[in-house]
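In the form predicted alone, a lone chain appears below as structure tokens.
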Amino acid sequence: MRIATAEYRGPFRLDPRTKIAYATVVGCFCLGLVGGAALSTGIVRHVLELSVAGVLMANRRWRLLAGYAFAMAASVAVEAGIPALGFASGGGSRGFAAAMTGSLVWAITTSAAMLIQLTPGAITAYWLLSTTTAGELTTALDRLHVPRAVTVPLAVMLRFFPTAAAEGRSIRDAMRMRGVRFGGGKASRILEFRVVPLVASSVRIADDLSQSALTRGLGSPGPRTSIARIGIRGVDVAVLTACVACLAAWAFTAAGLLP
């Protein structure tokens, strides 16, 4: 996962608070399926799924957009197409074969439905992390008056993943030079020479990042300054208004005012 290490200056720049609100709404409707099978919330859900593609287009993430479009189209096709095939029922071996076919159909359609639910939220979370630096995130959370007990772990976590990924690549390259790879005759030593060093390095990295965060004043009780430039602009107002409209549609549906 690529996480932003410098201020993002892409064509579609949003305030971190707006990104958090948008990611939360996408997660509630697409992953949480709030509103159930109601028509209004279903329309909102489909609009949000399309909006994720729009965000990727605005940020020119063409490869990610292609992967997202393929995953969603394939999942929808599988979920809608496979049950239409049906399966024959009968006695004896035919009944057993029909039961096995039905189980396979259920497993495939369930997996497709889960992928439809997970993909928009996962893509939105990746977009949030890849376009937000730790400084911007902590500054936004401070302005939201989020407790430091939440801000400091989030700042450490945001820096942990890219550092741990780089360490994992270094260990992989070093072990590959020594012939420690799957199918290289030393696969049984993968745990010893790759997994154990990665776990030990991850513990050290987490400790170093925690100390770095505290050294930079994230744990101080008083107000802290930051060079991160964030602020609510016109595009943020538009996105936040759309998020409020989605939540209002959910509330109206729950109250019976919308179908």
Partner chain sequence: MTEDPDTAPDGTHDASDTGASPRNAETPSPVDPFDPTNPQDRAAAARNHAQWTAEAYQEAQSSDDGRLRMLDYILIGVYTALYFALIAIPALPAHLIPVLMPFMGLGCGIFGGTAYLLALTKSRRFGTVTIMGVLLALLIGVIHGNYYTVATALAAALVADLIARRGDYGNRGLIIVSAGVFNLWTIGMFLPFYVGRSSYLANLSSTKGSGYASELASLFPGWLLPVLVVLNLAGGVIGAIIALGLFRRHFHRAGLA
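Positions refer to the first chain, counted from 1. Keep in mind the model is a prediction, meaning the values are calculated, not measured. Definition used throughout: the rigid core is the maximal C-alpha set that superposes within 1.5 Å between two forms.
Omitted from view is the form predicted in complex with its partner chain, to which the following refers.
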Among A228, A206, L65, A38, which has at least one heavy atom within 4.5 Å of its partner chain in the predicted bound form?
A206
Just give me the single entry in A71, V152, V78, M175 that has a non-hydrogen atom within 4.5 angstroms of its partner chain in the predicted bound form.
V152
Y126, T163 and V237 - do all three of these have some heavy atom no more than 4.5 Å from its partner chain in the predicted bound form?
no
Indicate whether its partner chain has at least one heavy atom within 4.5 Å of a heavy atom of V34 in the predicted bound form.
yes
Does its partner chain come within 4.5 Å of any heavy atom of L104 in the predicted bound form?
no
4.5 Å heavy atom contact, A200 to its partner chain in the predicted bound form
yes
Although its partner chain is absent from this view, report whether L144 comes within 4.5 Å of it in the predicted bound form, heavy atoms only.
no
Within 4.5 Å of its partner chain in the predicted bound form, counting any non-hydrogen atom, which residues from 114 to 139 show up?
M114, Q117, L118
Rigid core superposed: I205 CA moves 2 Å or more between the shown form and the other one
yes
Core-superposed C-alpha of V150 shifting 2 Å or more between the shown form and the other one
no
A166 C-alpha shift between the shown form and the other one of 2 Å or more, rigid core reference:
yes
